[in-house]
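Consider the single chain below, provided in structure tokens and representing the form predicted alone.
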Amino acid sequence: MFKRRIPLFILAFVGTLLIVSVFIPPMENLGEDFTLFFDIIAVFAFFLGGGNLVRIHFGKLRRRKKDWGFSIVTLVAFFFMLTIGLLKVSSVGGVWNIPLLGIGDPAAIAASPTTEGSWFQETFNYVINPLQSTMYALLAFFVASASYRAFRAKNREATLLLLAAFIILLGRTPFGMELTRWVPESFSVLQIPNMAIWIMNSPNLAGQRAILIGIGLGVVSMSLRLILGIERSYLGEDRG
């Protein structure tokens, strides 16, 4: 009983306190203070996340599950980045610095892992960044394929979506600029680049704000459900 009531009480108390602190000036710094506690909790979340990653992939290796070779790559990369980050391994001008092992400048233990010459930063720049670029390049083909299927003019809404997408894509190319250059300045809104800008700044922006308002209302409703103890899924309960 207490295992369920204590988390509910803590959540209701902290949630109500933070809401009240917004409207009472002497308590407005409470939000910043609680952010520090959030950072502490996030640190433990990193440990749990890393431990869970290692546990899952070691399990795949032990049972030789499908694509277990990818688990080897994941674990090697994980421990390599963890090691060079914790040891603050760096090399500048042929001089090695591993302060935790007593190699190089001992003061480098306080240096950021992203300083110049850091293996951690170099690995990020020359491995992670190229991999991300490759992934985005491959995603472009999937996006194009999905767009072709989604933008078929099956109904009125799909036709409007197809037309707007075509205008925006054409308005971002030199061909689109040249295509309507003959339109006089008095009707410049009919030029394809200007039409693309109008679509992005008016209908698109209105849709984005509507989505953000909906998200905001959802966050408020879910927060109230949590504070009032109606939503208890985080306790492992499916019903309120």
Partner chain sequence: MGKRHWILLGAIVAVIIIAAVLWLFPKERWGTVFSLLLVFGGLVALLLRSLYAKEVERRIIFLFILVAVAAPILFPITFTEKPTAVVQAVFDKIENLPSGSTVLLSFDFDPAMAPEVQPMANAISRHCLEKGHKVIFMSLWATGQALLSQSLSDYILLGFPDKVDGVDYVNIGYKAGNEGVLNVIVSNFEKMFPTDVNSVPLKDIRIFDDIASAKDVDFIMSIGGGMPGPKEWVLFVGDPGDVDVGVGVAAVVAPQMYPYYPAQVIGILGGVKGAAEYEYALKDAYPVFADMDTPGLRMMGPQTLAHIVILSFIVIGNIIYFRGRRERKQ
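Quantities reported herein were computed from a predicted structural model and do not represent experimental measurements. Note that the rigid core is defined as the largest set of C-alphas that superpose within 1.5 Å between two forms. Positions refer to the first chain, counted from 1.
Same protein, other form: the form predicted in complex with its partner chain, not shown, and the subject of what follows.
Of the heavy atoms in F175, some are within 4.5 Å of its partner chain in the predicted bound form.
Its partner chain is not shown here, but in the predicted bound form it comes within 4.5 Å of a heavy atom of M200. Taking the partner from elsewhere, R209 is found to have a heavy atom lying within 4.5 Å of its partner chain in the predicted bound form. Among residues of the shown chain, F38 is one whose heavy atoms approach its partner chain to within 4.5 Å in the predicted bound form. Comparing the forms between this form and the one not shown on their rigid core, the Cα displacement of V189 stays under 2 Å. After superposing the rigid core, the C-alpha of L205 moves by 2 Å or more between this form and the one not shown.
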